[in-house]
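In the structure tokens that follow, the same protein chain appears in two forms, which are kept apart as structure 1 and structure 2.
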Structure 1
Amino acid sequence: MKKKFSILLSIILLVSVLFTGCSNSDGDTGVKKILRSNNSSEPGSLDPPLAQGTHESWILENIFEGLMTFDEKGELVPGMAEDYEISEDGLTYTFTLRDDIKWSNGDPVTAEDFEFSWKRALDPELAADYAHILYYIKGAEAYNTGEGSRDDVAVKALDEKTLEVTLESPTAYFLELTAFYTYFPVNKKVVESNPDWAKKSETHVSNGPFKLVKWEHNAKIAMEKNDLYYNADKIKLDGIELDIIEDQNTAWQKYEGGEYDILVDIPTSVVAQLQAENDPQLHIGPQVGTYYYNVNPDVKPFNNVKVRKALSMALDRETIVKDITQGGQIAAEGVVPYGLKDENGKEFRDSVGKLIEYDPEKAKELLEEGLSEEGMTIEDFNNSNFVLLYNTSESHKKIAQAVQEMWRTVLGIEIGLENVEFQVKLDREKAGDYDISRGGWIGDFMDPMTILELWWSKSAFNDVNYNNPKYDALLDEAKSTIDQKVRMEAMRKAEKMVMEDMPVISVYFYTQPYVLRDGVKGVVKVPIRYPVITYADITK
């Protein structure tokens, strides 16, 4: 009997210990809420001005915060800034920072950090690909291109809490830009003391809702709630963990196996299946973005616009979005996607009209004419072993295979396929080492300029080196006026011009299919962001 009592007491003590170990002082279960998912590619850098895509931004937007940010409803609101004033002429913005903002190492976030960060992003020696997105600031372009000085960049910390910025011309979406990652601040003291601060989690310092605590390159990213964040009370997650897996099928299997709470990059076949089953886990989020192919103009015969147009006209885009992508995407009608408004508050896309047509017969005529002008035949073309380059992804592969078959069937041409890791693709595009390459662009702000600016001759993302002075002039005109009618008309002309020259072949306008496990709440979809997980909660 005594032995039985002893065993019972041991069980009671064990249960007591277990409960004690799982409880916290607030009486919660104590089980940490860690949101798990996959980041489809290894980040090139987690230093904000050196980032250049969604493979970095989904992380950066959780560990950093700009003057403005997106709240739990997905609305643009003051972030590091408590308030701001705009001068009557629309040129000068004066931001007042919050009193209680700190870096993850405990340092205060100051206006000087912002001044330092923006000028650093423009420093020619940093060679930031996204430096041009700061060109709205007076003196920024001149400094970045080596024609002006750092001191002439019109961003200035008036005191610890006040930042004054003067623009080249009134910019309707400037507040939105300050929520973009190139405009995020970095800790001046940390960066100046350690140039390699952003390469390891141990030395990484940020100012957002979460902080980086682990970075196993090509394997895993782990973020932990930043208790020093001014709005920490609104953050319900204890952390976010992201695997780094390029293969969509492997990532999907992990989600299906219960290892992930949310997954953004899903195989097209899975999207189709979930749609057919009306699965409540599937969400088709709005997305301002365009999927396209770069055509290298330095490679003959792709230098010939008739050849580029032939490739475009041979694509049956309706079949691609209906039978291949199957995620609610829209067959491209130009380069500017739906979701961006014109001066009348209506779809910019509708006011420009359809600039792309599917015409197999015309495509064949144009290809023959174009090849003839370049002294080539279809046999010459096929003997050239041209390749369409795409980054590893089951979806990209299927789309590329469909495009390859359409070109073979309609035009009688053979183009091979080559897949590489995302960063390799980016590097080869920068080096001009491709014939045709898959491209895509998600808008950074809600204005047609966010897409059209890609083919500005000075854009670091102009991978086809499109250089049309008339096109540049139209963009300059759009950037130099606050007259919305003039701005929009200039951009309409610009889109028609770039589609007439066709340096890229638009395929479809994006949506953002993603799956979300039952019990995960608070994820919002902003059209120019991946699903915002900052305010997510796991309720079961």
Structure 2
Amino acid sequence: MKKKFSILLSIILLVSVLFTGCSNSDGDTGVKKILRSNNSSEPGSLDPPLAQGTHESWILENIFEGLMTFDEKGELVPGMAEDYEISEDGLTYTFTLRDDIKWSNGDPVTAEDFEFSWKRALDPELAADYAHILYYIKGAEAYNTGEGSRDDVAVKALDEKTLEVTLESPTAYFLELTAFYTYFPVNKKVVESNPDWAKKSETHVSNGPFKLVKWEHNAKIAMEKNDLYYNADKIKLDGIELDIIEDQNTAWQKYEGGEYDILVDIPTSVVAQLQAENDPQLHIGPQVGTYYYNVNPDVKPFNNVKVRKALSMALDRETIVKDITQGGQIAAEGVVPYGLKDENGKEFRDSVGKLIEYDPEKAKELLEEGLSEEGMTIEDFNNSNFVLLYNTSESHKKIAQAVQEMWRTVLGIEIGLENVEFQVKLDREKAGDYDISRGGWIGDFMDPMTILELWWSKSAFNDVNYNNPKYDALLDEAKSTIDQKVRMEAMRKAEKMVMEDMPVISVYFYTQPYVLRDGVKGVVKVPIRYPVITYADITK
């Protein structure tokens, strides 16, 4: 009897060991380490130049790799390139590719693949959403806008392993751009033989640490470690599985239920609660982005800088981030967010200093002065029925309500709120049909230029039509040199200038909260990227 019992017990134990952990456990047991999470939207495409945003880039950054990449510490390092040389004038980059790089189908990755990919991304017929991020290359903009030819785009494969790129003007952050997904290579042979190659996992070919193995539209994406990746030794996961669930609450409940190892888009209320509880699973990752309000300079009295400054000074941003947004956001101190380094490798933000202050008394004085300069009184202002326009979203609404209340109590002015669909807001902004409108920008690369460029008079995204030749001159100076000291100094001056003229009232700097299950290691947060899970490991 005793013997029977111990046999039974052994069987039970064995079965439990087999089933424990299911997908996640040490490699030694032979069970695969699969990192599970949620990708909040269905990717529009997994062909790098056709990607439109985060819901594609999070996947693309794991299955592809550019000339440069971010390593396990989040540092920018050579990826497909082994080495690079920059000419003295900062215009020509010569990349030498690694010897041991292969596509997931076994083909070698060549310089010609890069030349083909970048030119393809610029092809006006392909109509890549992010083609403009390649405009730094000489001849790129002309080709993409239909005014130049493909042959004039200055990217050339000198041989199988050497790629030469000539830029329009020196661009200090060009190396980093080559780690951006629009610059990822595609396999020339595959693309030419099958234009639909990226539509199915069965025909998808990539060159990154992982490869696509399953794509159930609107349901699931699975990636598997790519053994042909040159740095495969550093990859500890066997795979990554992403659900596609749009509803934040459902995704959070799945995380809570232990179905995910990491989750990035978390409901604001959950972030606030986890923060209040000091939950170690919550991480407030840095993000290069600024939340601001556009002030229409064509509407009186917003044309008056004193009025704009008064509006800005009346905002208690600390209260907004602490009590309203509650996602660890940082009260804005200017327009350039944290996370961007200056010539000394220190925070650019710190080197410029705080350019925004909360001063209710001074705000009131400025408003009165500004209004009288425009021949208006507070009553006139209030009778004008000005409106703060924002796109429909619960968080924008809450922030707008708080801002409205602050302006009412501090300045005694009434500003109405109007929420419209994002598309309608864009249309109204384009037509100049607004008084104050919500805006925001998430950076594409780690340089203050990614934000400061917005108010360059020639920028396509200059919604307030800010036009200051001195500001333009400073940006031109920063764009024409690779001397970091000169560049940074010009950009510091530019930020001070834009904050002096205040075409926009910045409110806070974005952050990116995410939760990580205990036992998941090696996730790094690069400010311009979603948490990098490429080098993650599951230890328990």
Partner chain sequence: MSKYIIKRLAMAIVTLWVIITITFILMHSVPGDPFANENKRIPEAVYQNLLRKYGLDKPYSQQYLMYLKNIARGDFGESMKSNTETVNEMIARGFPVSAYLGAQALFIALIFGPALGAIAALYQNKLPDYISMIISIVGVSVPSFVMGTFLIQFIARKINWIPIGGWGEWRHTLLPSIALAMMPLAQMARLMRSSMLEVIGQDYIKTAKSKGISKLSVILKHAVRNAILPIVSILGTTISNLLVGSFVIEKIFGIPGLGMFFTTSIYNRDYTLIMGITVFYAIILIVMLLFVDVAYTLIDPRIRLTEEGH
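For the two forms, the rigid core is made up of the largest set of C-alpha atoms that agree within 1.5 Å on superposition. Reference numbering: structure 1, starting with residue 1. Here the structure is a predicted model, which means the values were calculated and not measured.
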Two forms of the same chain here; which is the form predicted in complex with the partner chain?
2
Would you pull out the angle in degrees that the smaller rigid body rotates by relative to the larger one between structure 1 and structure 2?
30
Core-aligned, what does the C-alpha of residue 480 shift between structure 1 and structure 2, expressed in angstrom?
4.2
If the rigid core is lined up, how many Å does the C-alpha atom of residue 432 shift between structure 1 and structure 2?
13.8
